[in-house]
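Okay, so here's just one chain, in structure tokens, the form predicted alone.
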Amino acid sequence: MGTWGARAPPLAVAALLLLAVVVAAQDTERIEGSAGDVLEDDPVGRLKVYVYELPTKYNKKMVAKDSRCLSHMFAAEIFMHRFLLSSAIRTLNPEEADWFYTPVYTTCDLTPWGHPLPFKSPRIMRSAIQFISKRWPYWNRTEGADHFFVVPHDFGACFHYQEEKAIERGVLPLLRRATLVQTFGQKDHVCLKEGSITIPPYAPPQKMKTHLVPPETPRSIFVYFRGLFYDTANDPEGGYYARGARASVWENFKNNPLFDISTDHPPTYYEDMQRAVFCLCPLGWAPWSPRLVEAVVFGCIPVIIADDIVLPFADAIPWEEIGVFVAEDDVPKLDTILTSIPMEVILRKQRLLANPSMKQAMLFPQPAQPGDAFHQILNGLARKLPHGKDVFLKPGQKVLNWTEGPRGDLKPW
């Protein structure tokens, strides 16, 4: 089969598009080999997790104060807690635990506009760690090396939404020995600690389910994107936000008939993604966004524009096979890149995306379901076992410095 043809008239491309997707909608394909096996792993019986019981000011009271925390893209920290409380891998005996989990909601103290307060998050985390270190002996024997924390901030445990300030802060010193479960992932970045587990951001499963269209619906949109191209409020000069990649998308393709792109967010947003072949997933302030989840769930081939991104569950999800990676500097050639992909390659990506296990791994459903993101996190933790000898400290040994970090972080919370 041939390519889409960069010079083909838009209507001809659309006709090919319709034919391809009608065929693709009928089939699914499983990833063969280790990746497919890992995706379908069952963590039950492979690890035990002890859930610390913290005062409700660290979690439940925060949600009661501001229920927006339950629906924003950082909500994985809340639903992970709820999942673990009733999970078969939970143990009530800390002496038999492989891992310890501290249920602290560091993204649930919000501004009036719904953004987490970056100056409060590290103080909340420090306070929670101080609490568990005084109440139980388990933190002190490893200084957190057998503990995991869910930190779904823009730049993880660097606790800031602007990259420059996040890099300046670095990972919160008290978390340097812990395993971090975070949405942020970028190679060779100070905010991605070695051994971290990169997860998808939260996208509301039930809401998406109510917007499903019939699987035979033709994909009549070639490229789709809704979102900001410029963030004039925080980046008035326009060169810092998304490292200019989103601005480049707009300036190069706003009048291209193959590109359905806009800042408008229509009520048919989810339906539109199911009618598109390619969905753009460019970086914003951080390299990740819920668009990646939405694209996979709705079978729209994600076009990932974020250099050096580390994607969710990369040891289980074959991103190279289901997505398209475009370098930020190559955005002006995006139309040529996408129209040059052979049709048989597009069809295979669509078949892989149609596999229910691929979609399930990206979601945090309530109640939990086999193979979902909760289980992928547990699988990631199980693969780190048994702990090495360097996890446990010698009597009296100290590694972490409790007074290290910005002065504001040391204030009581």
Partner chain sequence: MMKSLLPQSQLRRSSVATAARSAAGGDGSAADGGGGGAGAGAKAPASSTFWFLLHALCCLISLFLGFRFSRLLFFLLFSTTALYHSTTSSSSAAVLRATTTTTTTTTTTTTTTNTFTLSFAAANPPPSNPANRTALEAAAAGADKGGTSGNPQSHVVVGRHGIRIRPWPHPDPVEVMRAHQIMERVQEEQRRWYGVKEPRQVLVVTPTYSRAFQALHLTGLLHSLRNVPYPLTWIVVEAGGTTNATASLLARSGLTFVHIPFPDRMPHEWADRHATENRMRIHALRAIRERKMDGVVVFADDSNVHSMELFDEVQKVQWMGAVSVGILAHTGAAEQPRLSEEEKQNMPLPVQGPACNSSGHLAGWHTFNSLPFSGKTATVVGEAAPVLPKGLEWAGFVLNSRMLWKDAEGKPDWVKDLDAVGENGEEIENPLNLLNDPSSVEPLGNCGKKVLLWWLRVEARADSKFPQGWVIEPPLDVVVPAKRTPWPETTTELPSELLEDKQEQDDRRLSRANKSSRPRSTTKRQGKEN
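This one's a predicted model, so the numbers in the text were calculated from it and none came from an experiment. Residue numbers count along the first chain shown, from 1.
Not on display, but discussed next: the form predicted together with its partner chain.
Participant: Although the partner isn't part of this model, could you tell me whether residue 292 comes within 4.5 Å of its partner chain in the predicted bound form, counting any heavy atom of the residue?
Facilitator: Contact check for residue 292: no, nothing within 4.5 Å of its partner chain in the predicted bound form.
Participant: Do residue 233 and its partner chain come within 4.5 Å of each other in the predicted bound form, heavy atoms counted?
Facilitator: Residue-level check for residue 233: yes, a contact with its partner chain.
Participant: Whether residue 375 contacts its partner chain in the predicted bound form should be assessed with a 4.5 Å heavy atom distance threshold; does it?
Facilitator: Judged by the heavy-atom cut-off of 4.5 Å, residue 375 is well away from its partner chain in the predicted bound form.
Participant: At the 4.5 Å heavy atom threshold, is residue 266 in contact with its partner chain in the predicted bound form?
Facilitator: No, residue 266 is distant from the partner.
Participant: With the partner removed from view, which of 41-49, 56-64, 349-357, 363-371 is the stretch that lies within 4.5 Å of its partner chain in the predicted bound form, judged by heavy atom distances?
Facilitator: After filtering at 4.5 Å, what remains is 349-357.
Participant: Under a 4.5 angstroms heavy atom criterion, identify the one residue in 319, 285, 202, 139 near its partner chain in the predicted bound form.
Facilitator: The residue in contact is 285.
Participant: Can you pick the one in 176, 90, 82, 120 that has a heavy atom within 4.5 Å of its partner chain in the predicted bound form?
Facilitator: Contact with its partner chain in the predicted bound form is made by 176 alone.
Participant: Is its partner chain close enough to 167, 220 and 246 in the predicted bound form that each of the three has a heavy atom within 4.5 Å of it?
Facilitator: Looking in the predicted bound form, the three residues 167, 220 and 246 all sit within 4.5 Å of its partner chain (heavy atoms).
Participant: Counting only non-hydrogen atoms and a 4.5 Å cut-off, give the residues of 381-410 close to its partner chain in the predicted bound form.
Facilitator: Contacts from 381-410: 390, 399, 404.
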